[in-house]
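One chain is shown next in structure tokens, namely the form predicted alone.
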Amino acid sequence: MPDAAPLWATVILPVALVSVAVVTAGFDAVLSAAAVRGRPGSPREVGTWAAAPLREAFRLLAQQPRRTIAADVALGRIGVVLVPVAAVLAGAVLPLGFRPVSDPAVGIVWFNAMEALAWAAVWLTGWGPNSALSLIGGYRFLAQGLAYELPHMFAITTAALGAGSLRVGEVVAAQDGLWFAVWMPVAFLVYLLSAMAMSFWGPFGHPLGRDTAGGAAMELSGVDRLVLLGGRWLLMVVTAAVSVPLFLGGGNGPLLPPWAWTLLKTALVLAALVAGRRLLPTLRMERYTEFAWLVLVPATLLQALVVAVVVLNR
């Protein structure tokens, strides 16, 4: 069992996740600006584009809150706050190199449970303002969860099956010779899809869709909106980071120290997720649900069966 990280790591973890989320949002802003305005003419222009998310955050901090008639302010605010809280709690099992902040015996179950908490959080956010379009956004996330959660659960269970443990640290140790992504490609790809769905990102952005004027975030303004949108970035960072110990060997790698390999692999997965927003088509939710239940669930079950046979014959 790997050594646990020192106690101060519990304080550093949220700061580190927020920092990575800000950098990722800046990277996405640069890509968006380049798509509209063409290639940047100077590094200063790149920096201006990259700082756009920070400028928006400061604008929201100064914005006056907006209230709807008969809104359940407390319920909606609980939902908003729970989104980043669920992301940070899910990240508690992340190892930086080989030293996790916390490595419980059921670490993979803990991560999955915090995802379920995010379901409730987004639904409460949509319910609280007493607005039809906001409520539609909240229910869309629940419907999206019904589509992606089963294949996602089978994907992370397959990684646990390959390691013979639900402890994240032991899953990393089991990949010392060969990454799980190499011989569990279906589970890895399904995990990446569900990572985007969990953070309602790109083709899975229906809960905040433009056709519903922003969906669950429609009636949010000021700090509430900032916390919800920041929580979405945190969810994406955490799900990307968890793919590293589950499928990409954690801190295993030549030359560089384990923590550097962890950061490098997380950055590459995040870049893939950011690019996925621009490369993958957006499907109507009922079509993705059909695809998930008829294709992804059988595919992940078959992948789990192959892994079980390999494990039994070791």
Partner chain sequence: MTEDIVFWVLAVLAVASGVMVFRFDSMARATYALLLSLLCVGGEVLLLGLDYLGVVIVLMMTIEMALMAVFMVMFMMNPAGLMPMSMLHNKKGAAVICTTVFAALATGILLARWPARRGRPPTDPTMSLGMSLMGPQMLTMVTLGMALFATIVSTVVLSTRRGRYDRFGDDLRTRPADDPVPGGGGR
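Positions refer to the first chain, counted from 1. All of these numbers come straight from a predicted model, not from anything done at the bench.
Here the subject shifts to the form predicted in complex with the partner chain, a form of this protein not shown in this document.
Note on the interface: of 193-201, 218-226, 236-244, 146-154, the segment with non-hydrogen atoms within 4.5 angstroms of the partner chain in the predicted bound form is 146-154. Within 4.5 Å of the partner chain in the predicted bound form, a heavy atom is found for not a single one of V20, V23 and V81.
For the candidate set A173, V85, L135, A181, a heavy atom within 4.5 Å of the partner chain in the predicted bound form is found for exactly one residue, namely L135. Site annotation in the predicted bound form: the residue of V101, V106, V186, L89 reaching within 4.5 Å of the partner chain with a heavy atom is V106. Interface residue remark: L305 is not counted as part of the site for the partner chain in the predicted bound form, having no heavy atom within 4.5 Å. Interface membership of L166, defined by any non-hydrogen atom within 4.5 Å of the partner chain in the predicted bound form, is confirmed. Although the partner is absent from this view, I12 stays clear of the partner chain in the predicted bound form, with no non-hydrogen atom inside 4.5 angstroms. Among residues of the shown chain, L117 is one whose heavy atoms approach the partner chain to within 4.5 Å in the predicted bound form.
Annotation for 216-250: no interface residues with the partner chain in the predicted bound form [heavy atom within 4.5 Å].
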